[in-house]
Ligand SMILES: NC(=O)c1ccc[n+]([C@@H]2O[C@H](COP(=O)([O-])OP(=O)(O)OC[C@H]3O[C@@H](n4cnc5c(N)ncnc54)[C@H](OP(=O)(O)O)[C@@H]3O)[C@@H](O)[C@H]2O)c1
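Only one chain comes next, encoded as structure tokens, the form predicted alone.
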């Protein structure tokens, strides 16, 4: 039996593998990657490396074994039919008879276009008959803290979310929840709504940045149309700019507030506060 992580060299996948190695022997972990070279460090630590690509179903033939627990980390190729990509993994998992397939989805409350692929994947997974866990991950701190350069350049946080609030958490937090499911028992056919312990608004985010930098950083609320144009002008492809603006609309509606407490319960500790993530980003 192996614990298999797809997208293992991605931002979330690396956190999951690192935390798994704190819990189980390396030889019990399989990292599914598109480039073996990017996983050389993991191979050197005893992790089994499997090269496969969501776009090439044949690469998943025989990759899983009966009894495996699999984490399907959602793909990031928004223009290549993510539901079809994910179905490749689901079909391979069903054929192998895996014990569990956990999928990193989106909050059930999210109606933005970004959620469509997740709902389609959930439908495919539930229809497959494979024992599943839906890890409905909320928003990530890093979506903001890794993009501080324009904020600090203009002393302004720009968003089309009005006074909406977000229950974000760190990638390491969501990874901890996934690891708890992959190494624990009793998570079959369950859905977890995952988010940080405390929701925050963009005005509060700007205030926290001001506090930590000693500069006056303001929140500039704009319309979704204006944000789409600004993002497109900054080089973001038009369709993706519209998707991101749509997410801000969902934030304004409260769709990224998650108050289930599932994340901290699964992780066994409080979620990382946004202030801590800001501090780490400013030091980094």
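Positions refer to the first chain, counted from 1. Note that the structure is a prediction, hence the values are computed from the model and not measured.
One more form of this protein should be noted, the form predicted together with the named molecule, which is absent from this view; the next part is about it.
- Only one listed stretch (63-71, 30-38, 226-234, 211-219) carries heavy atoms within 4.5 Å of the named molecule in the model of the complex, and that stretch is 30-38.
- Although the partner is absent here, residue 252 sits far enough away that none of its heavy atoms falls within 4.5 Å of the named molecule in the model of the complex.
- Although the partner is absent here, residue 52 lies within 4.5 Å of the named molecule in the model of the complex, judged by heavy atoms.
- In the model of the complex, at least one heavy atom of residue 8 sits within 4.5 Å of the named molecule.
- Of the heavy atoms in residue 196, none are within 4.5 Å of the named molecule in the model of the complex.
- Here is the short version: of 20, 266, 12, 271, the single residue with a heavy atom within 4.5 Å of the named molecule in the model of the complex is 12.
- Proximity to the named molecule in the model of the complex, defined as a heavy atom within 4.5 Å, singles out one entry of 165, 187, 82, 94, which is 82.
- Along 165-179, a non-hydrogen atom within 4.5 Å of the named molecule in the model of the complex is carried only by 171.
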